[in-house]
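As a starting point, one isolated chain is supplied in C-alpha cells, in the form predicted on its own.
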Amino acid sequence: MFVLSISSLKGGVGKTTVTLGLASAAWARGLRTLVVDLDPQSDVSTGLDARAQDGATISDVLRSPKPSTVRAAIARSAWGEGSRGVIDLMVGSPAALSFDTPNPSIREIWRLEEALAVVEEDYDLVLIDCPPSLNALTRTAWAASDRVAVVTEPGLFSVAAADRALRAVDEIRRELSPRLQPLGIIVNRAKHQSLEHQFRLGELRDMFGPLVLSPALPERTSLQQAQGAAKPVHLWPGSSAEEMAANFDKLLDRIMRAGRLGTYAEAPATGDDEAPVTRGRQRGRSNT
C-alpha cells in the first residue's frame, strides 16, 4: 500500500480538487484506492458522496484507531465501480478540527499510521487530503505517508508556501519518519496565456527543478462541474473533461512509478522520486 498526502500550506489553491482528480484517475485505472478526508472542511467527502453507515468519521479514528472504528469510518464512494475496482473514503468531519493542535504529542502524530495498518492489505493506494496548515493533522498525515505532493498556484505567495511545505517535509523526514519523501509540486489553475503565470512557472522550475511535476493543470470549468455533481472527471462528457482526465492520468503515472504500483512494479529507479518505499505500516517510524 502506497500512501500519498496531498498538501498545501496555503488555502484556496485547489488541493481538494487535485485530490479528487487523482482519485478519478485511480478509479479509472482500477486501483484499490482509499481517500482519507483529513481536512475539517470535509470537501472531498462531499465530492465522493460517501457517508459511513453508522456515522463514524475520521474524528473517531483519531480519537481511537481500533480496527472496528477504522473500518466503521470507511464508506464506499457513490462513484461505483471503475474498470477493476472502487474508491473508498475515510469520511471527514468538522470535528477533526479539535485534533489540529499546534503541539501534538508523538502518540497523537502516529494515530493515522496505526489506523492505516488495519487496512494495509485492502488497498493499493491511499490519498490523504490534508488541511492547509502545518498543525497536528498535517503532521499526522505526513507521518503516515510515503510521499507528499505539494499543490500550488503560479502566484507569488503560493510559490513561497510551496517552499515552506518542502522544507517542512524534510523536517518531518529527519525528525519522525525516515521513509517520507516529496513526490513533487503539482501546479494547479495555470493560465498558459498569462505572462505572470509563465513567469511564476519558470520561477518554480528554477527553484525546484524536477520536483515541479508535469503537466501543470489548467483551470477548466468541466472539472468543477464534475466534482460539483460528485462524479469522476473521467466520466464527465466533453473535450475539456477529457483533457483534464488525461492530465490526471499523467500525474497518476508518476505516483505509480514512485510506489511501484501496477505496471510499474518492476520499473528501474531513475532518481530520488523512484526510490523504493518501505513496505509495512510503522516501519518508517523514528526512535526519537
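In this text the structure is predicted, and so the values were computed from the model without any measurement. Numbers follow the displayed sequence, beginning with 1.
There is also a form predicted together with a small molecule; it is not shown, and the following applies to it.
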* Asked: Since the chain is shown here on its own, which stretch among 181 to 189, 94 to 102, 195 to 203, 118 to 126 would lie within 4.5 Å of the small molecule in the model of the complex, judged by heavy atoms?
  -> 181 to 189
* Asked: Does every residue of T16, Q41 and P132 put a non-hydrogen atom within 4.5 angstroms of the small molecule in the model of the complex?
  -> yes
* Listed residue (R220, K231, R257, R32) with a non-hydrogen atom within 4.5 angstroms of the small molecule in the model of the complex -> R220
* Asked: Does any heavy atom of S68 come within 4.5 Å of a heavy atom of the small molecule in the model of the complex?
  -> no
* With heavy atoms only and a cut-off of 4.5 Å, decide whether T57 touches the small molecule in the model of the complex. => no
* Asked: With a 4.5 Å heavy atom cut-off, would you call Q227 a contact of the small molecule in the model of the complex?
  -> yes
